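Taking the form predicted alone, here's one chain by itself in structure tokens.
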Amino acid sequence: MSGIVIENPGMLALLTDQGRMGQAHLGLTTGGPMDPFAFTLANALVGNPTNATVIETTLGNLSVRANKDILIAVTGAPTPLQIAGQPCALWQRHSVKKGQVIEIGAPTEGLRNYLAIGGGLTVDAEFGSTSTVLREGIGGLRGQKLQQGDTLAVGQSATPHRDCALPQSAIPTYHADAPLRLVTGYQYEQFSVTSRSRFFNSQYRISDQADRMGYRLTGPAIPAASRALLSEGIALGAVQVPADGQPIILLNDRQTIGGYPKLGSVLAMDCARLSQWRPGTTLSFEPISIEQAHNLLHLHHAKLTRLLQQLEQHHE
């Protein structure tokens, strides 16, 4: 099957599906899209299955040439998008003719974008997923980021019957305008009352050490629990506190086990928000109960389901 050719991969372009689930016992992390909402809607806009493989870019500057007529959608951070030199809207389906070039510029805000192609990108799965994890060298093409000249096959897509775009009211913003919500964990009580109060009443800055593995923060130090801890499994959004007291929020490509004390875990929805924030961004935390977290996630899932149903009607 013909498909697309990477003309300029930009800083970091990775192939990803929903992630590598159920492989932590082998030491393999989840990977998957840093912004699942944008990933899911990109696939929905072109009529793909939810788990179809797409390209995730960080700081954009991706150029792709179509080797056949295709349908595309680009979602995520506000970013200039051009097809054959003509400006096009994000969060909307577009037709691309054979030979035309798709250009995703540098985001004006945020970090990451998702390029979905109707029919999905045809890539062999490893351990049940096509998601690229650079630290482990698996997934994608050769376990590496996309390179200039890489060719990717594209599956067969249905012919659209009408235009398809996400409602403007549903397009997310990427401002750091609300605290990250954190569900405290069983090790939370090992931190002193003073340390807990300092953590939730302070502001932190995202350091330059921020990538798909995790975001290291700088700010008021949180004295860590003194007791030695056994290594244990690490959840998405876990907030570890190493010896220097500077919190680390662990994300998609995190290690599978660790022994630093943890205050709790950031809500998954807020991990997606965080993944769009750049180094230097200031943030804060607020505690929520596990019941509140369940309610928020159910409401988010219901919203996403409604949007997917609306978009599906455009493919009928």
Partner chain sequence: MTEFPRIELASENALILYLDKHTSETVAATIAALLPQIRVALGDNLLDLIPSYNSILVQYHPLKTDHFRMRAQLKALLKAQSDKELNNEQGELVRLPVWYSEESGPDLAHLAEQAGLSVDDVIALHEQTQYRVYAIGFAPGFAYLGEVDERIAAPRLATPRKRVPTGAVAIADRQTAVYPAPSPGGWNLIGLCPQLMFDKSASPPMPVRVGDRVQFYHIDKDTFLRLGGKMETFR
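Positions refer to the first chain, counted from 1. None of these values were measured; they are calculated from a predicted model.
Omitted here: the form predicted together with its partner chain. The next part is about that form.
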ask   = With the partner left out here, if you bring back its partner chain in the model of the complex, are S63, I102 and A106 all within 4.5 Å of it by some heavy atom?
value = no
ask   = Of H175, R205, R135, K97, which residue is found within 4.5 angstroms of its partner chain in the model of the complex when only non-hydrogen atoms are counted?
value = R135
message = Going by heavy atom distances of 4.5 angstroms or less, which of P220, G128, P78, G233 would be at the interface with its partner chain in the model of the complex?
response = G233
ask   = So, in the model of the complex, is N67 in contact with its partner chain at a 4.5 angstroms heavy atom limit?
value = no
ask   = Would L283 count as touching its partner chain in the model of the complex under a 4.5 Å heavy atom rule?
value = no
key: Close approach of N51 to its partner chain in the model of the complex, 4.5 Å, heavy atom   = no
query = Is there a heavy atom of A293 lying 4.5 Å or less from a heavy atom of its partner chain in the model of the complex?
reply = yes
key: Candidate stretches 251-259, 274-282, 53-61, 39-47, one within 4.5 Å of its partner chain in the model of the complex by heavy atom   = 251-259
message = Where, within 248-279, is there a heavy atom within 4.5 Å of its partner chain in the model of the complex? Residue list please.
response = R254, Q255, T256, I257, G264, S265, V266, L267, A268
